[in-house]
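Coming up are structure 1 and structure 2: the same protein chain in two forms, each one given alone as structure tokens.
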Structure 1
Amino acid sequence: MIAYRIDRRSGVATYLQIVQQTRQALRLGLLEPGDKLPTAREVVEATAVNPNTVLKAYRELEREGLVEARRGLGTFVRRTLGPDADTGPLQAELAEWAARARKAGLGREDVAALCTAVLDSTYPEGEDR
């Protein structure tokens, strides 16, 4: 099950953080079709956000066709965003690179900036694959 982390200093709306973290979990294969998302109450208890914020995020995910609400049962994943290829070896290489970057003294924001720069040069504007 996914555990949401809310960064109140990020400047990103709380509901969008929930949507983005859910999308990321779908991309990484941490959530798969049929998996149940935490209830709004569980998210509220874990993150201290307003229940309406959680419901707004879940409605957005439902509008995108990623999840579906089943009355009385909860909210379930409909489809994944993950690639068809096995990304395990790539993830392992990236984890090793991130560990080297940290050991070299780079902070999280430094690494994020490097990754963004590389992604921007590798994937032209508007191209996803």
Structure 2
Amino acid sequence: MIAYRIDRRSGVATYLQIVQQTRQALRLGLLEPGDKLPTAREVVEATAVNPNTVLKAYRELEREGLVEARRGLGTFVRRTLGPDADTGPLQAELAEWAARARKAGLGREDVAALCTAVLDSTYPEGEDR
């Protein structure tokens, strides 16, 4: 059984925290195809979040094709999430860029601010793909 941990101060929407923690469990192999997710009731009892929030998270996971709801049985994992194959070269480029930024005298926060600005313009509000 996966145990969701909700951080109310994180600024990340609660349903998104559930989605992200499920994805993370899939990446780490803590959940495999066929495994059952906790029922909404179980999540609500353990975390005291609104039931609709849990259902919204599960709908999102279903939309992504990661899980499927089987009527009367529960929600089950459909496929696993391996690390994406093409992130390697991207990470290398980013590391090179970060090294250049550091050499130019930028601190960690300067770099983080730059990244956030670029992310915000590349992925406009509400778009995560």
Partner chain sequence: MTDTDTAIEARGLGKRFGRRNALDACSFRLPAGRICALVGPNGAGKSTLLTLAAGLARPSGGELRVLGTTPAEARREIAYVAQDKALFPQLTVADTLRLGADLNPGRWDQEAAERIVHGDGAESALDPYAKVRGLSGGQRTRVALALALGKRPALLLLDEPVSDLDPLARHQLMGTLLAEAAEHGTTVVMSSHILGELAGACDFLLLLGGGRVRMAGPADDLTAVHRLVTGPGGAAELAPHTVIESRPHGRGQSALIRPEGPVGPGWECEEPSLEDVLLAHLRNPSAPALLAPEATVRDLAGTGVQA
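Under this definition, the rigid core comprises the largest set of C-alpha atoms superposing within 1.5 Å between the forms. Quantities reported herein were computed from a predicted structural model and do not represent experimental measurements. Residue numbering: sequential along structure 1, first residue numbered 1.
As summarised for this chain, the second structure is the form predicted together with the partner chain, and the first is not. In a rigid-core overlay of the protein, residue 116 has its C-alpha displaced by at least 2 Å between structures 1 and 2.
With the core held fixed, the Cα of residue 106 is displaced between structures 1 and 2 by 2 Å or more.
A movement of the C-alpha atom of residue 94 reaching 2 angstroms or beyond is seen between structures 1 and 2 when the two forms are aligned on their rigid core.
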